[in-house]
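Heads up, the chain below is alone and in the form predicted alone; it's given as structure tokens.
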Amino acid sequence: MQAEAPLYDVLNYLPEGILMVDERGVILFANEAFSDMVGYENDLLLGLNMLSLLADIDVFTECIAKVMREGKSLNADTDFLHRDGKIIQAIKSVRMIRKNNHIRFFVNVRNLTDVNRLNKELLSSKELIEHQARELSVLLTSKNQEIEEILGSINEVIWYIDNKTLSLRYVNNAVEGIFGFTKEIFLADQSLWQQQIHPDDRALVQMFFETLAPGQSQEIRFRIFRSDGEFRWLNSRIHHHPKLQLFIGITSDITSSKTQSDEIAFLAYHDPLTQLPNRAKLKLQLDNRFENSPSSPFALLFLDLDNFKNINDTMGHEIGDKILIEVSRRILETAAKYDFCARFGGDEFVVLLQDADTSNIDIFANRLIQIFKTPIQINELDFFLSTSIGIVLYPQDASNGEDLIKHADTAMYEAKNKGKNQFVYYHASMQRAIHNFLHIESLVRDGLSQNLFELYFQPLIDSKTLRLEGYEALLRLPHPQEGFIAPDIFIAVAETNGDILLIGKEVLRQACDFITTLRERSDEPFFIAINVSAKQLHQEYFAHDLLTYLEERSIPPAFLKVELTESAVMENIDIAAVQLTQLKKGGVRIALDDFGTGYSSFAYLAQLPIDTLKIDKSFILTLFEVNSHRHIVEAMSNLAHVLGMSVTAEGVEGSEHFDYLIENKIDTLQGFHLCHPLPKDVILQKFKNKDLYFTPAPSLGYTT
């Protein structure tokens, strides 16, 4: 049999501080862990009174008195003094031991600041396990009471298992705290520990012991059931002792940390609000399909809630979050068992359908639209929502996840452009349209950043006097690489992305520059007409800012005329009325452009402070091709004059148009027959040379 090692040598292997003191507190023994804890060499501690190491000596004296009085062990928080003066927070366990008519106090000190590090060292040290296994084997046969008391103060389960039968040979008291069974019950039924292993983990544990070679140490994590049926996660560091023919293990309950790590892992791939898989999980799901089933078709649906931002902005994010939770629930209920649903972000969701048959996809997409027919009730309020859905098919539309999502997003926006509350399948032409949009957008940004935008000016001629009334400012974008970009192309893009607001400021600046220059050269009255978009008109301080800018430039408001289209006004006629009234009061003239092509509602004309009605050129160009257009032009002219407005006809491109419009008392004429739009420098040269803008042909309306 192996020789017994000195008792105190065994204590030096324990990770916690161990002291043996007499009634006065004189240290009779201190293990290496305690020496390291307080920063003294072991030889200096022997014979030293423990009180000199305490921040508060009353704690210890009271503890000794209570232990002697009650005869029980006592745990207490205690602050020790390190040799360098710092405080070491610890918890000590004091037990009284009577031996050979002497009273000794066994003190177990746990450094609270280092407990995690020490436990890790305990679990990871092969040498420690081997020493404990050897010494504890001796203790098992010698029934040494002092060592039993020491083991009883250790929280980890320490056990021996026969390496052939896997029967339990020894276990300490800590087993009861983890398993719920006492040490005695476990030792009486040496296979009970195996019965408590979770059924799903038994094969794993069995294989672990079968493959752990003599001399090796490894860790294993598995689940067990407590006596009350609750399951726990355990971590065991096991050493296969080659001489003792035992598996020697130290086991800890890691349920709490395992639960936390599982929660962290869950949150890494799930949305915390809706509990749906998140964007990262969606990527993994797609990558897995491409890797394991590359030839299996499927559909990806990209959902975006219509007008959800308005709810968030008006009702608050708390209401918005509750709506998103309910939307997630409805989507999950609609999806089939093997379909995959994820929250992509914000109010966007993605569904992967196993069934790639378009007829079945249509049915499913219609179901998704239908689930929003029932209002969502939050705090007794009903919220009515709808969704726009973009659909892509794999592998027809894309071969990777990034492109699938991008194309589905493109199709979703197409659904919104078509009126929302519907689904649209992706088509390659959509991508081309987006590419074209982005290209034009970049050219617009070049124009703004490089000051490429330039105003041309087309004269407006008084039909009675054939004298110049003013000019319409027409924006041009001469790009150095792309050439002239047509306004009807870049204006539409700028209105969509919001750049029209910056462009509007640039137009106003250049128009005012031109006004200032012309006023320096002539005293003749004139105006510059600038076009204003709906986005500009609906800015809260548009009229105020425009009038303020004119004042800062010392330009009388009468030199400026604002032209708006019918659609811009009718988009929100209440806001338009407020802004236009403010401009009118400030002295700026107002023209309604392209009249007859939009709502053509005469009722609202009387509500708005309009000075000029501009008849759209589509009526002028076809005066002699469509008989009704002559009647329409005459009716619009008569109505405008009755309402006190002047009338401008644009699109005067032939002498016949010119003659007819003069004959029918159209006040102002504009068109290629009179003059093309001209750059500023050309107009200034005409001023210098006193050139006429046009030489009209003899006509009924022209007299010298």
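In this text, residue numbers run from 1 along the sequence as written. These figures come from a predicted structure and were not determined experimentally.
Same protein, other form: the form predicted together with a small molecule, not shown, and the subject of what follows.
- Query: So in the predicted complex, does any heavy atom of residue 242 sit within 4.5 Å of the small molecule?
  - Reply: No, residue 242 is distant from the partner.
- Query: So in the predicted complex, does any heavy atom of residue 346 sit within 4.5 Å of the small molecule?
  - Reply: The answer is no: residue 346 has no heavy atom within 4.5 Å of the small molecule.
- Message: If we define contact as a non-hydrogen atom of the residue within 4.5 angstroms of the partner, is residue 563 a contact of the small molecule in the predicted complex?
- Response: Looking in the predicted complex, residue contacts with the small molecule include residue 563, since a heavy atom lies within 4.5 Å.
- Message: Taking the small molecule as it sits in the predicted complex, is residue 474 near enough to touch it, meaning that at least one heavy atom pair lies within 4.5 angstroms?
- Response: Contact with the small molecule, yes.
- in the predicted complex, which of the stretches 275-283, 81-89, 171-179, 613-621 has residues with heavy atoms within 4.5 Å of the small molecule? One stretch meets the cut-off, namely 613-621.
- Though the small molecule is not shown, can you say which of 533, 334, 218, 206 has a heavy atom within 4.5 Å of it in the predicted complex? In short, 533.
- Heavy atom within 4.5 Å of the small molecule in the predicted complex: which of 462, 594, 482, 306 fits that? Just give me the one. None of the other options qualify; the answer is 594.
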